[in-house]
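Read the single chain below, which is given as structure tokens and is the form predicted alone.
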């Protein structure tokens, strides 16, 4: 890998003024801190819940279970084509409105209206109450007063975001900031073939975010996933990213890459050679019809370029590969030491059997690497909870880990301060 100069301060950590002292991970094991995060972070930040391709026509909907905020939401494209969001609760007796066989499972479909399974109250796609069973039995009831409870909803570059607060302090684009919104012209919409993984992980949500915002671990943890010659070379060289960026609460790490097709056969798996694919994605890249690459990509000017991983606070990641495909990660907390991890891969739709197989190998490779990371994090969680140690040294390649925990702490402190001022 080519070596790129560090910032003038000598390290990324010093450049961003984050301090170099050992760091506490108490925020990842404290149940009290997690309870504060529910209100301080997840009810005050814009949260990505999916993409517009999940709502292909008017009447399309899906639900999202947000355990961290103790709610469920319905995301729907109404009769006018507008994307809306509502709390998934009937206004009559509080029953969950949209679900199938199991109330805690997410669901999706197409509907002309939403009907409560309990007493049959009905709601139009704009959230208005359209029918009350035996309406004459109620006292001074006006259906206009009993529409679904709306959730703030906005769309950026095809990504659907919601805000659970009464009134967002910032618009979505203001919250995302210039580093993220610089990606707006990236052709996400052309990459609509979707592969989805979802798994519970017995670790704090921030620990898994940490795993994917540093690559210091990759040559060691994932050594057995590559042929011995390649693995030995990678461990000897180590890893050093050429660029780390921070903008408000958000972060990005950009890396140089390799052209797998230029590697020696003993540095590749036979399956990779056969399918022309692997962890970095299909070797045969689709034409994304770039008139001009978005300014926010490949900030270090790497050639070849590997990937840019944008960590959008609090729990959403867009990872764009130089091989012309992208990933998203979501980390949905369920407890101080548990969360749901979602990984979604997006490709330009395959037109041939070879392209389909190349996509499948990339998806399976991602799944295997994800398993290794998750397994390690569960081991980390158990020993952090022992509190045998309370301070941990972080290297410069872990600068974004340091930033995430700093920001989480600042949001919690700000929330506590606001409580005392009321």
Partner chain sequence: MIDALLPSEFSELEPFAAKWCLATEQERYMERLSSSMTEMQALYDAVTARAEEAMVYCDKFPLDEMPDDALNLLRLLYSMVMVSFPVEVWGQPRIPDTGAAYLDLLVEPIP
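Numbering follows the first chain given and starts at 1. Note that this is a predicted model, so its numbers are computed, not measured.
One more form of this protein should be noted, the form predicted together with the partner chain, which is absent from this view; the next part is about it.
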{"property": "Residue 198, heavy atom within 4.5 angstroms of the partner chain in the predicted complex", "result": "yes"}
{"property": "The partner chain contact at residue 368 in the predicted complex, heavy atom, 4.5 Å", "result": "yes"}
{"property": "Any non-hydrogen atom of residue 70 within 4.5 angstroms of the partner chain in the predicted complex", "result": "no"}
{"property": "In the predicted complex, residue 269 touching the partner chain (heavy atom, 4.5 Å)", "result": "yes"}
{"property": "Answer option from 274, 295, 149, 285, heavy atom within 4.5 Å of the partner chain in the predicted complex", "result": "274"}
{"property": "One residue of 182, 350, 319, 258 in contact with the partner chain, assessed in the predicted complex (non-hydrogen atom, 4.5 angstroms)", "result": "350"}
{"property": "Contact segment among 187-195, 93-101, 118-126, 72-80, judged by heavy atoms lying within 4.5 Å of the partner chain in the predicted complex", "result": "187-195"}
{"property": "The partner chain in the predicted complex - contacting residues of 328-362, heavy atom within 4.5 Å", "result": "341, 350, 351, 352, 353, 354, 356, 357, 360, 361"}
